[in-house]
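A single chain, nothing else alongside it, follows as structure tokens in the form predicted on its own.
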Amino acid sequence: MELTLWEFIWSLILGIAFGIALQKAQLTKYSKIVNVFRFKDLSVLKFMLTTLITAMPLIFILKGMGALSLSNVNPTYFLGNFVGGAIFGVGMAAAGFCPGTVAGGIGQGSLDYLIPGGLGFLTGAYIFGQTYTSVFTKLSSIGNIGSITIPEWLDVNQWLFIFFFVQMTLVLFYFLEKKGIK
């Protein structure tokens, strides 16, 4: 898939805006990431869920208007997604960074993000590249359900799925506020 110049520029603008939002919300701070795993500060979770419940309806509205196609949905490989998610989660918990916060931290001039984060990026990319052919073909063959969305996989109406996802997220936010969890 090749990007047109306009798609590249638009993606770059959205990426920069997302980075600014991460930095302004102070989600590039090490303590914010680490405290998610300690269940002391769930600001990152709230930020990401807010992003999802905002973007999900907008994406499907744009799809319904014909302004957006979801034909480029990445295939789902249950085993591969589980293994990849576990490696990503362990690395994120150990380092206290995710790729977005590393880029945001580097952008704000923090060397402690550049050295371990940058080395983590390069090490992960090198290992991924070296093992892709041998590991990916095996992992992708187990639990491969193809390029479908969650509503398609569950065989439910997409708007019903979005409605329940938004409602469950709002209930979670309410519960966290009631318990006084940041």
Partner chain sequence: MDWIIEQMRKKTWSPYAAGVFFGLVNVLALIMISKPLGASSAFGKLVGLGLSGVFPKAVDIMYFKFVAPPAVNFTVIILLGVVIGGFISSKMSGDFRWRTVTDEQWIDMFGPAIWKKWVVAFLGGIILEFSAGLAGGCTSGLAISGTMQLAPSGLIFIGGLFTTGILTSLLIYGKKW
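Residue numbers count along the first chain shown, from 1. Keep in mind the model is a prediction, meaning the values are calculated, not measured. Basically, rigid core = biggest C-alpha set you can superpose within 1.5 Å across the two forms.
Another form exists, predicted in complex with the partner chain; not displayed. Remarks below refer to it.
Contact annotation for residue 162: at least one heavy atom lies within 4.5 Å of the partner chain in the predicted complex. Put simply, residue 61 is far from the partner chain in the predicted complex: not one heavy atom of it is within 4.5 Å. Using a 4.5 angstroms limit between non-hydrogen atoms, residue 52 touches the partner chain in the predicted complex. Although the partner is absent from this view, residue 166 stays clear of the partner chain in the predicted complex, with no non-hydrogen atom inside 4.5 angstroms.
Contacts between stretch 18 to 56 and the partner chain, counted in the predicted complex as any heavy atom lying within 4.5 Å, involve 18, 19, 20, 21, 22, 23, 24, 25, 26, 28, 29, 30, 31, 34, 35, 36, 37, 38, 39, 40, 43, 45, 46, 47, 48, 50, 51, 52, 54, 55, 56, listed in sequence order. In a rigid-core overlay of the protein, residue 11 has its C-alpha displaced by at least 2 Å between this form and the one not shown.
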